[in-house]
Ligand code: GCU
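The data below hold one chain only, encoded as structure tokens and taken in the form predicted on its own.
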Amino acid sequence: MEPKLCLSLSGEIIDTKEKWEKHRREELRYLLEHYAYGHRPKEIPDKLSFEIVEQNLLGSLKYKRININTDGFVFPVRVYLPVSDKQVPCFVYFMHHAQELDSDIDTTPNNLYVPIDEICARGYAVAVIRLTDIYADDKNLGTYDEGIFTVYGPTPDKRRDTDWAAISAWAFCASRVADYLSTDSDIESKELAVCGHSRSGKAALWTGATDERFSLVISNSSGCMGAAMLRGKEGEHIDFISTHTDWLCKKHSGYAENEEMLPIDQHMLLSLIAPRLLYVQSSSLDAWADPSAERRSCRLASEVYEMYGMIGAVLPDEDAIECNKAYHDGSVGYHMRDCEHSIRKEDWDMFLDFWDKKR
């Protein structure tokens, strides 16, 4: 049985948005930090600055590369924009290591994973964050002594079981990108989306849960500790994550042998995005992520959208779910592409259609 979404730690029934915002939302964020994503050493940098190191035309697009300095840690973000006199909405996209290897985004914007030219042609900008520029996502060191952790710590010898890990570090830097975008006169800063695939989809969801400036949050095949309910799912589970990755805090690994005892599940994560727009994509052949578990989480999180007088996920019964069909009627969008674990142009077409409809 999953933890009750609208029942406080004290046993109080949460039945209004006022109770949700004042009490339960804060409780859930704390629980998700404490048992999964880890507590950050700080939420807002003491010193933050931006430097545009390159600005030119790249094909038919405007291109900017900006170095973001957060308390002495510097990482780049690459921004691609349509040539326009109007401010445009912007997708912030997490690009993980395997996608970086296939994409020279400094010279060729369009690639297999993010069709930047086509996104810009539809009137949107794209800001790309490479995970390896923050903390390597391909090494799974578990030491947290590289990248952003060299500035913010804690050092390995002082690390507690509930300290932040890689997903939270990536999300922290996405918030710094939002800080920059709020200063960019080409960007409509009140219309920001954050998107990622797989581990990056997990990071996108945690970004959206912790930073309300993102008005749309997109998870593409994020699976376990992303959009999928942990209880009852197929494929990836805590035992794999805790032994093969450094995404989550150490305390999380202690539940590998008894997941039913974990005080959280992923409908809680999705609920923190309400009443903002949420989009979940599944891949039909991706048993590791488990599409049915992702849909279950969407359905359960819809309870909070309804508290705001909104419609959450509008999905048919499980046996009636169709591949490659857009389920866009509610504030929680969904589609399942007929494919293995991947993100492609066809997914972006769905994301763009949803945002066009809901903006």
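In this text the structure is predicted, and so the values were computed from the model without any measurement. One rule holds for the numbers: they count along the sequence shown, beginning at 1.
This protein has a second form, the form predicted in complex with the named molecule, left out of what is shown; the following refers to that one.
Chemist: Please state whether all three residues Phe214, His267 and Ser271 have a non-hydrogen atom within 4.5 angstroms of the named molecule in the model of the complex.
Modeler: Contact check failed for every one of Phe214, His267 and Ser271.
Chemist: Looking at Glu236, Glu191, Glu100, Asp163, which has any heavy atom no more than 4.5 Å from the named molecule in the model of the complex?
Modeler: In short, Glu236.
Chemist: Given that the named molecule is left out here, which of Tyr144, Tyr113, Trp288, Phe75 has a heavy atom within 4.5 Å of it in the model of the complex?
Modeler: Partner contact (heavy atom, 4.5 Å) among the options: Trp288.
Chemist: With the partner removed from view, which of 121-129, 237-245, 105-113, 154-162 is the stretch that lies within 4.5 Å of the named molecule in the model of the complex, judged by heavy atom distances?
Modeler: Result of the contact check: 237-245.
Chemist: Applying a 4.5 Å heavy atom distance criterion, does His341 contact the named molecule in the model of the complex?
Modeler: Answer yes; at least one heavy atom of His341 falls within 4.5 Å of the named molecule in the model of the complex.
Chemist: Using a 4.5 Å heavy atom cut-off, state whether Arg176 contacts the named molecule in the model of the complex.
Modeler: No, Arg176 is distant from the partner.
Chemist: Quick one: does Gln281 come within 4.5 Å of the named molecule in the model of the complex, counting heavy atoms only?
Modeler: Heavy-atom contact with the named molecule at 4.5 Å: absent for Gln281.
Chemist: Does any part of Ser198 reach within 4.5 Å of the named molecule in the model of the complex? Heavy atoms only, please.
Modeler: Yes, Ser198 lies within 4.5 Å of the named molecule in the model of the complex.
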